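Before any questions on how it binds or moves, here is one chain, the form predicted alone, in structure tokens.
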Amino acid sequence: MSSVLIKNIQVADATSAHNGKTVDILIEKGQVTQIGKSLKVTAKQTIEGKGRFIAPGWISLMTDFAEPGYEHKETIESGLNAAAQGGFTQVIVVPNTNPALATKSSVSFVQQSAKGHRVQLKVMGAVSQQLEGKNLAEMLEMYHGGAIAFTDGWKPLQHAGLMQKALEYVKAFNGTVVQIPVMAELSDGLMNEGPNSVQLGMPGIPVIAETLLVNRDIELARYTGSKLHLSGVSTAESLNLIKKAKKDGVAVTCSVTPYHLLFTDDSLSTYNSLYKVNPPLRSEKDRKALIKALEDGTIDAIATHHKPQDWDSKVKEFEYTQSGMATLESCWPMLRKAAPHVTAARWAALLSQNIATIFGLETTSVAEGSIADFTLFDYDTEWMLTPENKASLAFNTPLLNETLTGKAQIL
């Protein structure tokens, strides 16, 4: 990328003096050298930005690349390519591999495997040894090896004592513990507990399976004075607990998935396992509460929860299928459809700056002298994700061969 001129593009970046303005941007040797109206310059490449926005590079939070151990579902290379196709310049991966990312050497392996790719990869280390939820992993070593936060990912910590120890331990280096709010003892069901589960004859997962863990972990964060991030929040009740905790000064942040913003448990009316996720898709009332919380600031970030599955994991009796949805390439169309009234600058904060702030990552700004690490996106481009053009190896997206609106790309 020797020189690129982006013409007539609108800036979506609350940290930029140009936020909300339509400008031309000249990039030379990977750095922004000029921003202004109708720049009279030449460049090797010109990009027409009319109808598009430019924002600091988006970050995919809670991403599963399945390598090592589950390369038939996804690889680091295919995952990074899918992230690039979806408009993400950075990804933060969960430790749910085999072996788990629970040692300094395993963290180093994943980082080395991603070197040289346009998309940067950051690692969340495991909280417990081999994700077994019994004893603390070597978090300090992993931190010194580059781990940016700690979580057991898709296997949320159930033991309150271990959660307390983890929160206390990470304080030594100002670290963050990340938890998906699922209480396993109450989550034996297959979908959200409610009228739809009764009608479909499926065992339900009650709202309390989420709120009990949210409440417990907030109280542990309050007690320890440590930093907690709750990811995949899906209920109105959870949002109320988080809102109150923030008001009380507890260091808690939260994120929501694109699929919880877009879909409800109505999507399971045909027993389609592509909509089987954990926490489960909730009611329309909950979905509307999530949208409202996006706008009022209760929700801090979007977390893709990209959890790839192969054909065999999803095409069998519903009870035996694996949970999760592949979201990297369709994240933006899902968000744009779910909450069309959210401003571009707010999306930029939810997908980039807020995540960088929570996890201490570097991010750029649309300003002269900045590194050119940007996401370009629009609201109107219609396109289709197909088996032929998708970069991810994952089978589990319900949006395959559907007309999607809104496209994102990285620069």
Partner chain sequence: MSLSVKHLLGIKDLLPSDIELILKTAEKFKEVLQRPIKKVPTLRDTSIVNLFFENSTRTRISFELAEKRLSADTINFAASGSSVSKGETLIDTAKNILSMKVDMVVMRHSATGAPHFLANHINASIVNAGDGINEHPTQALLDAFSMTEKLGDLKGKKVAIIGDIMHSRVALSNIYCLTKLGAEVIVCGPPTLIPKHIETLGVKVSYDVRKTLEWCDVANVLRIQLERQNKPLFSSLREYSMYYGVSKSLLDAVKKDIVIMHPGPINRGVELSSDVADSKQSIILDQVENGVAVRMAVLYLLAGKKDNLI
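These numbers were taken from a predicted model, which means no experiment stands behind them. Numbering follows the first chain given and starts at 1.
The protein also exists as the form predicted in complex with its partner chain; that form is not presented, and the subsequent description refers to it.
When its partner chain is considered in the predicted bound form, D300 lies well away from it, no heavy atom lying within 4.5 Å. Using a 4.5 angstroms limit between non-hydrogen atoms, G225 is distant from its partner chain in the predicted bound form. Looking at G249, you'd find every heavy atom of it more than 4.5 angstroms from its partner chain in the predicted bound form. Looking at K316, you'd find a heavy atom of it within 4.5 angstroms of its partner chain in the predicted bound form. Only one listed stretch (159-167, 190-198, 237-245, 259-267) carries heavy atoms within 4.5 Å of its partner chain in the predicted bound form, and that stretch is 190-198. Shown without its partner, this chain lists V110, M202, L290, V119 as candidates; in the predicted bound form, only M202 has a non-hydrogen atom within 4.5 angstroms of its partner chain.
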